[in-house]
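We begin with a single chain expressed as structure tokens, specifically the form predicted alone.
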Amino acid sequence: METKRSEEVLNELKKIVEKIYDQMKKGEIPYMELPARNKYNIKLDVTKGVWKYGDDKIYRSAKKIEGAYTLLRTMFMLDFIKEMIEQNKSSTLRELYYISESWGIAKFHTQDESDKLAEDIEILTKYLREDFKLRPEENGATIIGNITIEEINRKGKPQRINCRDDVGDSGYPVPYNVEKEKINIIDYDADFVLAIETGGMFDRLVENGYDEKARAVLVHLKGQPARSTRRLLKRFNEELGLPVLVFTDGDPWSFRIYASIAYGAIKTAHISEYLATPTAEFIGVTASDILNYDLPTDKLNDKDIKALYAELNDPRFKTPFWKNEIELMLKIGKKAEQQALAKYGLNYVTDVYLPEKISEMGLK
């Protein structure tokens, strides 16, 4: 049975088809207009505090053969999405790529092509790929903390789950769709959300009982967080008023994990207002921490150094804090993992490091 949101999505898909049809009916060469998706077309949306695409446009036109193929693939994909919504089925992005094998000359040559076209349709409709019943391959986060959610289960029935009392050590696994039609937040008893990069550190905090001790909701990001993870962090922040703290390793790639949570990423700039949490605070390992806590380190490699210099020119890192920390990391030539804090014992991170860092932020 179609929901109201599904009906709205179908209407937007129909508009795309009708626009192409009207162009052809008038004898015009059909085309689609989209924002240019590159770092030169990113600007800060001051009203929302996130990075969005600017005014530069690109055109997918049938004037050239490759553009014609793209428009043909678009029609096939729209029809496939329509079929999934009507039949209440879903597909992974990988399955979509293989399904296109039956589309004849419209089939995709690589999954990157099909993934980008799914993003194009998000931009054109202003809906999420989750609304199209398209699922990523990667898993979302896992959560442990005193927060109760009501999830619509596979039988279409609401099921209440407390993410501390009703789960095992691995926590509550976040599904790919975390919109209100799927997940409602019923109740909570916590002071902040701690988003953790690595599984080893997540397990350490769980074993140490940090969620109860610090009244925290612990979220395992699993590296670069999935879209569903970032969306749920935003919901916790906006709907519950919980501060979001991002706890990562001390290296340029981990800094980008924070940036994607706080400000969004180039690839998903068209939906930054749905995914980004501009008030998120970085509580991860910094170059200053490496020196102040005398942490075990690894030497920066050439890719690390190149990434740090790129971040100095990244608008998401244009603050005195990030400038100082990135320049200091380049100066000392070192990086460190979260778990380097185990140098001082298994309880150090929960008894000393996190309380000190959180206190500096004025949260405790």
Partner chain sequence: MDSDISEELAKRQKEISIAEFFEKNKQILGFDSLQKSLVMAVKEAVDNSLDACEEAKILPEINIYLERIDRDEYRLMVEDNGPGIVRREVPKVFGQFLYGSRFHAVRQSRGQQGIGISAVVLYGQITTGKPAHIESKIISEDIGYMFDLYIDTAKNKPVILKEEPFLTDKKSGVKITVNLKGKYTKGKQSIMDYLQNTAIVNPHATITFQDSDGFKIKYERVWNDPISPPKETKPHPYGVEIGEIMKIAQKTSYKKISTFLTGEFSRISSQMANEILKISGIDPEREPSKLTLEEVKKLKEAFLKVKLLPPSYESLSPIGETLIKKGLKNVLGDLKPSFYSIPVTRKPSVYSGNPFTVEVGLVYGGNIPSDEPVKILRFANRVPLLYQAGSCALTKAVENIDWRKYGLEQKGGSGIPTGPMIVMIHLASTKVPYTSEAKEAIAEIPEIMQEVDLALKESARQIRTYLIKKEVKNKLSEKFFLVQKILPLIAEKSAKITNNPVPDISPVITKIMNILWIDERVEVTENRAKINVSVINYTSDKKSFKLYADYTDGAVLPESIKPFGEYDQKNDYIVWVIENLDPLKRLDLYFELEKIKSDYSETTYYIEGIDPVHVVGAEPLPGDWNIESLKSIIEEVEGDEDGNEEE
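Note that the structure is predicted; figures quoted are calculated from it, not measured. Residue numbers count along the first chain shown, from 1. Each form is matched to the other, and the largest set of C-alpha atoms that superpose within 1.5 Å is called the rigid core.
A second form of this protein, the form predicted in complex with the partner chain, is not displayed here; the remarks below concern that form.
In plain terms, the part of the chain that comes close to the partner chain in the predicted bound form, with a heavy atom within 4.5 Å, is 56-64 out of 335-343, 320-328, 300-308, 56-64. The closest heavy atom approach of Leu44 to the partner chain in the predicted bound form falls outside 4.5 Å. Using a 4.5 angstroms threshold between heavy atoms, Met75 counts as touching the partner chain in the predicted bound form. Although the partner is absent here, Val352 sits far enough away that none of its heavy atoms falls within 4.5 Å of the partner chain in the predicted bound form. Contact check for Glu18: a heavy atom falls within 4.5 Å of the partner chain in the predicted bound form.
Lys116 is the sole member of Arg94, Lys267, Lys116, Arg160 with a non-hydrogen atom lying within 4.5 angstroms of the partner chain in the predicted bound form.
The single contact residue among Glu137, Asp187, Glu207, Asp79, judged by any heavy atom lying within 4.5 Å of the partner chain in the predicted bound form, is Asp79.
Counting a residue when any of its non-hydrogen atoms is within 4.5 Å of the partner chain in the predicted bound form, the hits in 27-41 run Gly27, Glu28, Ile29, Pro30. Core-superposed comparison between this form and the one not shown: CA of Ile16 displaced by 2 Å or more. With the core held fixed between this form and the one not shown, Pro320 has its Cα displaced by under 2 Å. In the core-superposed comparison between this form and the one not shown, the C-alpha atom of Asn38 has shifted by at least 2 angstroms.
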